[in-house]
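One chain is shown next in structure tokens, namely the form predicted on its own.
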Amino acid sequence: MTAHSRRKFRREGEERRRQDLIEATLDCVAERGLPGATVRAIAQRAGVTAGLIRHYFPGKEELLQAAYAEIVGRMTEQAKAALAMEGAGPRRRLATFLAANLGPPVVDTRVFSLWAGFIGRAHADPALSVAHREGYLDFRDEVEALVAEVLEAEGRAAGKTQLRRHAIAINAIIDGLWIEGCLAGDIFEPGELADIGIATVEALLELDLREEEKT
């Protein structure tokens, strides 16, 4: 690896330095897998000493946990960013959220590779397991809130249990199609996975999420 391929470790404060180390960790995991993402390799990637890494993270496990939380949180935030639209009703907002999760930049081979590397170790690593659980619940809560908005606007009362079950099912729909898109995106037509995801959720909720676009 040349000096030019290293991430420049910017001296812009504690939080920026910590973020640089997380990004360097993600780069190493993407290139070498979890076993190859050693403290030494991460330090070299970031252009710092291993000792400086220990200033920000007690150990490698804490750094990996932070890196996994970053990748999961980033995917959720990218999808939520699509909701920043004026004048959109609840159904349109849910459809937009689904489409955002089933297209670039969320559907991405590098992101999938990172996610798969971490998730394969989560069952045996308590720290990664916690990060995975928190990321899953945060995403599911977002889905549940969107579904609640839709059903309330339709005048359809939904209890907490029903909303929870809808959110679990919709999360599973997104996950399955997202994996397909990351592994073999070239075999699908542009927007096809998003259309399938929206249609499946429409069947689950028994309403047309895209009807507002036609009015």
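Throughout, we count residues from 1 along the sequence that is shown. This is a predicted model, so every value here is computed, not measured. Think of the rigid core as the biggest set of C-alphas that the two forms share within 1.5 Å after superposition.
There is also a form predicted in complex with another copy of the chain; it is not shown, and the following applies to it.
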query	finding
Whether E14, D20 and L63 all lie within 4.5 angstroms of another copy of the chain in the predicted bound form by heavy atom	no
In the predicted bound form, segment of 55-63, 42-50, 147-155, 29-37 with a heavy atom within 4.5 Å of another copy of the chain	29-37
In the predicted bound form, E70 touching another copy of the chain (heavy atom, 4.5 Å)	no
4.5 angstroms heavy atom contact with another copy of the chain in the predicted bound form for G120	yes
Exercise: W115 in contact with another copy of the chain in the predicted bound form, heavy atom 4.5 Å	yes
Contact of R93 with another copy of the chain in the predicted bound form (heavy atom, 4.5 Å)	no
Partner contacts in the predicted bound form for 156-184 (non-hydrogen atom within 4.5 angstroms of another copy of the chain)	R164, R165, I168, A169, N171, A172, I173, D175, G176, L177, I179, E180, L183, A184
Cα displacement of G33 between the shown form and the other one reaching 2 Å, rigid core superposed	yes
C-alpha of R165 moved at least 2 Å between the shown form and the other one on rigid core	no
Closer or farther in the predicted bound form: C-alpha pair G185, R32 (3 angstroms or more)	closer
Direction of Cα pair change G33-L183 in the predicted bound form, magnitude 3 angstroms or more	closer
